[in-house]
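One chain comes next, on its own, written as structure tokens: the form predicted on its own.
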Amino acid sequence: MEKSQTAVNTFVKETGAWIAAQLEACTRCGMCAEACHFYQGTGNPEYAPVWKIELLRRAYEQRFTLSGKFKLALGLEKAVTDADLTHWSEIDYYACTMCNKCSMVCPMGINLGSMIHDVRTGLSNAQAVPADLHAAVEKQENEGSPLGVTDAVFKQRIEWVADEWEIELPVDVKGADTLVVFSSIEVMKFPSNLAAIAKIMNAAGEKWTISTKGREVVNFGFYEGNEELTVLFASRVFDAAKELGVKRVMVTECGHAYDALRWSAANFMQVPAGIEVTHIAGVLGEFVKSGRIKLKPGAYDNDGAITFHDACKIQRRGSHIQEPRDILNILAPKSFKEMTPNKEEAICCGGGGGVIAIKDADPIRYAAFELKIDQIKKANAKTVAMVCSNCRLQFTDSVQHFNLDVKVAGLSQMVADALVEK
């Protein structure tokens, strides 16, 4: 079977009443383009979100509507081809983080982000996925992590962090209340995050643990659109949570992982009852508000202006908007400055959704990041704080690429460094 036929069959299978209604409601007005950071950063009309779902629309109309069948028969529209898959693979993987800001401006209320994910599923089934991204997916399937954090590597990193920062990190403790799941980005690239979050959890008196079996919170199957692997990777975390008997799973500084576990998993699988999925941003707010941890007021007021980057899946999707701001207004009440736009309307960093894992997408994601540079400069900020390590990796890499004099900081680290010792 041709790859194109596999993709079309997937699109047809996916097209139930909800997708049909969404496609029929679309007026193709193009307003979504102005909300897309990739379109804004490059001016390429093919990066308009409505064009990213073109293959899905074509498959639906040609299979289910009289007008679509008529256009196909007269040659007014063409069937989906293998060449189309190659072309749209770049459009949907290189130039989309599935941030879903486009849906906010759609006058018809169409959930474009979800449908772009459906296009990715068709491309995944047809094996039309960028090689770099697919290699990371295979690595997570075979080794447990897209960055090679095997059982042995994980054990070594945990022991090293515990020794280096002189902090206790409980492992595989049954009966703990909270399972803390880090991303491999944190484990390999920002290991101080492990120590910072451990320090916070210990200071709050939380009964927590990490898991050897459920050690990776990132879900590269979700990035690719591979439903089978999305379920497999999510199950590793949920199975570990059930085995340890925890009450909640806390996602650390990762946005897409939070989306995959908290919001999207229920659409793919049977999520275990009685286990809450939360994010470190919400937990930090909870600890501060309840007095379980105390912070040094004004601890960062002498470091120049500090601004906050809203992560699409944590702030816009997850609504953890106020907690980071409450914390920054304690830590830097005089120097905290907002970027504009912000909160629900914030501009994506450009590295999420697996984009940063695709080397050939670098020019596009750097172009998108220039929008963030403009925001940072207008805020006159010297430090940008955030609660997503994927965003942090994009910021760190882009700051180096553009040679910017800007410090990139994880909010958990800032909180840990400003704790008032009891």
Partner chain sequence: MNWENILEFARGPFFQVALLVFVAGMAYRLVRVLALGWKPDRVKAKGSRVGGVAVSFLKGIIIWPFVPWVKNTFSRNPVIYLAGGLFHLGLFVVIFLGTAHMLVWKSLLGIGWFTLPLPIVDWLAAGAIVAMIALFINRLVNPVLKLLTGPAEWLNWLIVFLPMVTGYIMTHHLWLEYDTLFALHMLAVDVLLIWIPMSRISHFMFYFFAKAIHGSDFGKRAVTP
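The structure presented is a predicted model; accordingly, all values stated were derived computationally and were not measured. Numbering follows the first chain given and starts at 1.
From this point on, the text means the form predicted together with its partner chain, which you will not see here.
Proximity of F402 to its partner chain in the predicted bound form falls outside the 4.5 Å heavy atom cutoff.
When its partner chain is considered in the predicted bound form, L74 lies well away from it, no heavy atom lying within 4.5 Å. Although the partner is absent here, M250 lies well away from its partner chain in the predicted bound form, with no heavy atom inside 4.5 Å. The shortest heavy atom separation between I347 and its partner chain in the predicted bound form is within 4.5 Å.
Across the proposed site, L55, T81 and A136 without exception lack any heavy atom within 4.5 Å of its partner chain in the predicted bound form. Segments offered: 264-272, 196-204, 329-337, 181-189. Contacting its partner chain in the predicted bound form at heavy atom distances within 4.5 Å is 264-272. A single residue from the set H320, H309, R215, R120 has any heavy atom within 4.5 angstroms of its partner chain in the predicted bound form; that residue is H320. Listed residues N100, S89, S235, N125 were compared with its partner chain in the predicted bound form; N100 is the one with a heavy atom within 4.5 Å.
Along 3-35, residues T15, G16, A17, W18, A20, A21, Q22, L23, E24, A25, C26, T27, R28, C29, G30, M31, A33, E34, A35 each place a heavy atom within 4.5 Å of its partner chain in the predicted bound form.
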